[in-house]
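Okay, so here's just one chain, in structure tokens, the form predicted alone.
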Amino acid sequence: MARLIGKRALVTGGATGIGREIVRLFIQEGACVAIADLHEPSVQAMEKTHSGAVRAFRCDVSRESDAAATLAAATSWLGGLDILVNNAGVQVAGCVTEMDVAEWDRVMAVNARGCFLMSKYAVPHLQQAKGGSIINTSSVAGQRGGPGASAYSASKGAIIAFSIALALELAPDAIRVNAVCPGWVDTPFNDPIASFMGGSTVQRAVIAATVPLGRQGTPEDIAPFYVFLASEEASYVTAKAFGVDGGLYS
């Protein structure tokens, strides 16, 4: 039986990678989904593929005006809100001594501030719905940073702390908040860190040596966990950060 029948969801960064698979599964499970994204060719393709079940909204999650306008427009189309997935993100890689301040600020703005802004404007709608689920995409990098990923790790660590604090704040409203921490996932999103490591061949060797399951994950490996956290099956789950990482940090 479909687990999200009648649910109204907003997924940021829902046009590519893990986000795209989250949207596909949410629709398969019965949800109506709004996408907030900047990648216009991809969002247009999503609207065509899932005609009637998806509406895309152009949104830079790091801008407060965009966040407020997107939540207003998306909830108007959806008729309310039950699920928010903060999945939009950017990654840069490089030694901290060589990193431009603007690069650091952009990573923090999209990954951390974007999560805050979208939640800020989503919460009143979730309160009106008498409950719901916020799922924030963090990373194993937020649990344990790595060389060349200082900005990304800092932003993803902030998301974990924010998720726990927000979960405790919103528990009286029956709004659950959790973070998902993917490990290595085979999408172009990880190209910057692979390049920093010395290329994809080196990256694959590191993964084979350090991930107990011996491989990268795929969006299809990660997205089902979001369905679980969005569904009533997770009705007693909040304030947690879940590693979905092939056993990397067991």
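In this text the structure is predicted, and so the values were computed from the model without any measurement. Quick note: we count residues from 1 along the sequence shown, nothing fancier.
One more form of this protein should be noted, the form predicted together with a small molecule, which is absent from this view; the next part is about it.
*Asks:* Only one of 194 to 202, 23 to 31, 177 to 185, 46 to 54 has heavy atoms within 4.5 Å of the small molecule in the predicted bound form; I'd like to know which.
*Replies:* Result of the contact check: 177 to 185.
*Asks:* Taking any heavy atom pair closer than or equal to 4.5 Å as contact, tell me whether F189 reaches the small molecule in the predicted bound form.
*Replies:* Contact check for F189: yes, within 4.5 Å of the small molecule in the predicted bound form.
*Asks:* Taking the small molecule as it sits in the predicted bound form, is I18 in contact with it (heavy atom to heavy atom, 4.5 Å or less)?
*Replies:* Heavy-atom contact with the small molecule at 4.5 Å: present for I18.
*Asks:* Would V110 show up as a contact with the small molecule in the predicted bound form if we use heavy atoms at 4.5 Å?
*Replies:* Yes, V110 sits close enough to the small molecule in the predicted bound form that at least one of its heavy atoms falls within 4.5 Å.
*Asks:* Might C59 be said to contact the small molecule in the predicted bound form, defining contact as any heavy atom within 4.5 Å?
*Replies:* It does: once the small molecule is placed as it appears in the predicted bound form, C59 has a heavy atom within 4.5 Å of it.
*Asks:* So which of A154, L170, A93, V90 reaches within 4.5 angstroms of the small molecule in the predicted bound form, heavy atom to heavy atom?
*Replies:* Of the listed residues, the single hit is V90.
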